[in-house]
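Encoded as structure tokens, the following chain is the form predicted alone, with no partner shown.
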Amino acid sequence: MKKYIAFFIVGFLFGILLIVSEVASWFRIYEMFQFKSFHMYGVIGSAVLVGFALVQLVKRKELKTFDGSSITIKPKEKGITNYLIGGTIFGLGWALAGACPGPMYALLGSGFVSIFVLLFGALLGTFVYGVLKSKLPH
């Protein structure tokens, strides 16, 4: 139970960070897709660099989880088609909706009730993917 409370607190703080930094702002996302502002590119680029550095640290130092088990990172599948198609669909959805899946929950917590429409669409899209997964190029 303690673990779930810790996850909730981290998620809550992350949601506050998303709102305060304006990463969940529709206007910031709109500016990004029109190439009018560096704000979102800076945030995304920083996240990629930090993620890359942490993955390298985990691999090189052979770090362990809190319970002492090894951390294994599976290599990505080779190929470009699945990443191009998936990235394009994700980007189109992001541009049309004005919200990425992570900040949707922060927007809901901020009182934007219309986000329920996007959450329904995201869940429907996830369900459709699950149904079609065996027929898609993986």
Partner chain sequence: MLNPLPWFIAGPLIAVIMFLLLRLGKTFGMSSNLRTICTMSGAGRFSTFFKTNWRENMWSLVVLIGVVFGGIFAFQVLKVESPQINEDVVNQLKAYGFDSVNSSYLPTELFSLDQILTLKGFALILIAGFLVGFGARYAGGCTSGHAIMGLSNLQRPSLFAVIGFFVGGLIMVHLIFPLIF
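Numbering follows the first chain given and starts at 1. For the two forms, the rigid core is made up of the largest set of C-alpha atoms that agree within 1.5 Å on superposition. In this text the structure is predicted, and so the values were computed from the model without any measurement.
This protein has a second form, the form predicted in complex with the partner chain, left out of what is shown; the following refers to that one.
Shown alone here, Arg60 lies farther than 4.5 Å from the partner chain in the model of the complex, counting heavy atoms only. Along 3-19, these residues reach a heavy atom to within 4.5 Å of the partner chain in the model of the complex: Lys3, Tyr4, Ala6, Phe7, Phe8, Val10, Gly11, Phe12, Leu13, Phe14, Gly15, Ile16, Leu17, Leu18, Ile19. With the core held fixed, Thr88 shows a CA shift below 2 Å between the shown form and the other one.
Annotation: Cα of Leu108 displaced by less than 2 Å between the shown form and the other one, core superposition. After superposing the rigid core, the C-alpha of Val58 moves by 2 Å or more between the shown form and the other one. With a change of no less than 3 Å, the CA-CA distance between Ile73 and Leu13 is smaller in the model of the complex than in the form shown.
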